[in-house]
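Quick heads-up: it's one chain on its own, the form predicted alone, in structure tokens.
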Amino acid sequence: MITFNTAESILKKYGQEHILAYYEELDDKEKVRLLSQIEMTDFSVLENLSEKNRHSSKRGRFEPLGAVTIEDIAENREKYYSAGAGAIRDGKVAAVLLAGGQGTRLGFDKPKGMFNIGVSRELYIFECLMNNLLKVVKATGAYVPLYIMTSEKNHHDTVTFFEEKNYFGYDKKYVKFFIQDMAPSVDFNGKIYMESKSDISISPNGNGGWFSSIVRAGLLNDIKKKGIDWINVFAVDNVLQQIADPCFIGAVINSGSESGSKVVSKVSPDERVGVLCLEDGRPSIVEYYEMTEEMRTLMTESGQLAYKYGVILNYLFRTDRLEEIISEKMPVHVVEKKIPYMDNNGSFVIPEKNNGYKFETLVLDMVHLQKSCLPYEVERSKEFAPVKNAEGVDSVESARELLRQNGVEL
């Protein structure tokens, strides 16, 4: 952990010395917590305040992007599988699980991956994902190194849970945990908010921050030492997520693309899902709310939606290209938010309207910084069962039904 003097010098660089204003009043435990927060916070995002709208609203010219379809994959399965399984056996592939979130929207105040989705038996979201990865281990005869990104809030619970469950049968020497970088929240003048005398107002730096968090945690050295060329990054909340899929990996490798994305065909023009397309000639993701009516309804000559392929947050990236992107600096989105804070009297205030900015990096920008990205179509009923809500669309119940359809005992 950093010392007080180091923390002070970091804060002086960004004009945020007020964070240490109450330091001498704190007990030892509170001092440790505050210094730890300063150490893990990415203060460089403050440099984006002068250009806060630069990355959030300006988009280029969009064009549809075709995919390796389910039919194409069936025809070339043997070739794709051989290339992907070979890369796994050669130790060239790792996976990254984005698991920093809590299960709040499910009425569950623990890491979302700890949620029990079973009915007559215990079956956790983490367990579903590890079972899916174990299928690859059994098929290829090789373990895939797995890096699990947690948050400051759920790190201890997540690590303890995996240890208690004996990593769900996965060899724990292939699993490493790291905490996502945090970004500060600021008022409209750029001053960082405090939540208490010992707590900075911070939040995870967005789903595009996973690779910079790996670097900060010192795990890039581990990745290089292992000779890993490809990283498959995926989200915790899709219990049918197929991880380190040999066919997907092989298709991307054979295509010569810098990256790949699993996609599903949209069920309707208005489905609320980001679509993989081209933007100014480079791969990009356009969110459903950014699409014009013309884009939503545009049809191809064969009668298919032109903007057809929705992303499911399962991407494959080349490690060397990720390093280049980090050095180029990822775009940072500055978003107006309601930010609870401690006022000058030491009282905790919950604002009724937006009172400052939060900073986010997005994985969609990581895709757009690639020269090429192969859309790889998968069957929705076999690979897309998101658990985002307690009820209704993309809910616990809908995911349970899809698990049953895929032969998973609940």
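The term rigid core refers to the most C-alpha atoms you can superpose between the two forms while keeping them within 1.5 Å. Just count from 1 along the sequence shown to find any residue number. The shown structure was predicted, so the numbers you read here are calculated from the model rather than taken from an experiment.
The same protein also exists as the form predicted together with a small molecule; that form is not shown, yet it is the one meant from here on.
*Asks:* Can you work out which of Ser284, Thr158, Gln242, Asn205 has a heavy atom no more than 4.5 Å from the small molecule in the model of the complex?
*Replies:* Of the listed residues, the single hit is Asn205.
*Asks:* Which residue, Met149, Cys128, Val264, Ala94, has a heavy atom that falls within 4.5 Å of the small molecule in the model of the complex?
*Replies:* Of the candidates Met149, Cys128, Val264, Ala94, Met149 is the one lying within 4.5 Å of the small molecule in the model of the complex.
*Asks:* Does at least one non-hydrogen atom of Thr297 fall within 4.5 angstroms of the small molecule in the model of the complex?
*Replies:* Thr297: no, not in contact with the small molecule in the model of the complex.
*Asks:* Indicate whether Gly101 is a 4.5 Å heavy atom neighbour of the small molecule in the model of the complex.
*Replies:* Gly101 belongs to the contact set for the small molecule.
*Asks:* Going by a heavy atom distance of 4.5 Å, is Glu258 a contact of the small molecule in the model of the complex?
*Replies:* Output for Glu258 is no: heavy atoms all beyond 4.5 Å of the small molecule.
*Asks:* I'd like to check something about Arg105: if you look in the model of the complex, is any of its heavy atoms closer than or equal to 4.5 Å to a heavy atom of the small molecule?
*Replies:* Output for Arg105 is yes: heavy atoms within 4.5 Å of the small molecule.
*Asks:* Tell me which stretch of 69-77, 267-275, 232-240, 316-324 has a heavy atom within 4.5 angstroms of the small molecule in the model of the complex.
*Replies:* Answer to the contact question: 232-240.
*Asks:* For this chain shown on its own, do Gln180, Lys337 and Lys388 all sit within 4.5 Å of the small molecule in the model of the complex, going by heavy atoms?
*Replies:* All three within 4.5 Å in the model of the complex.
*Asks:* If you line up the core, does Phe384 shift 2 angstroms or more at its C-alpha between the shown form and the other one?
*Replies:* No, because once the rigid core is superposed, the C-alpha of Phe384 moves less than 2 Å between the shown form and the other one.
*Asks:* C-alpha of Pro246: shift of 2 angstroms or more between the shown form and the other one, rigid core aligned?
*Replies:* Moves: no, less than 2 Å.
*Asks:* Using a superposition on the rigid core, decide whether the Cα position of Gly208 changes by 2 angstroms or more between the shown form and the other one.
*Replies:* No; that C-alpha moves by less than 2 Å between the shown form and the other one.
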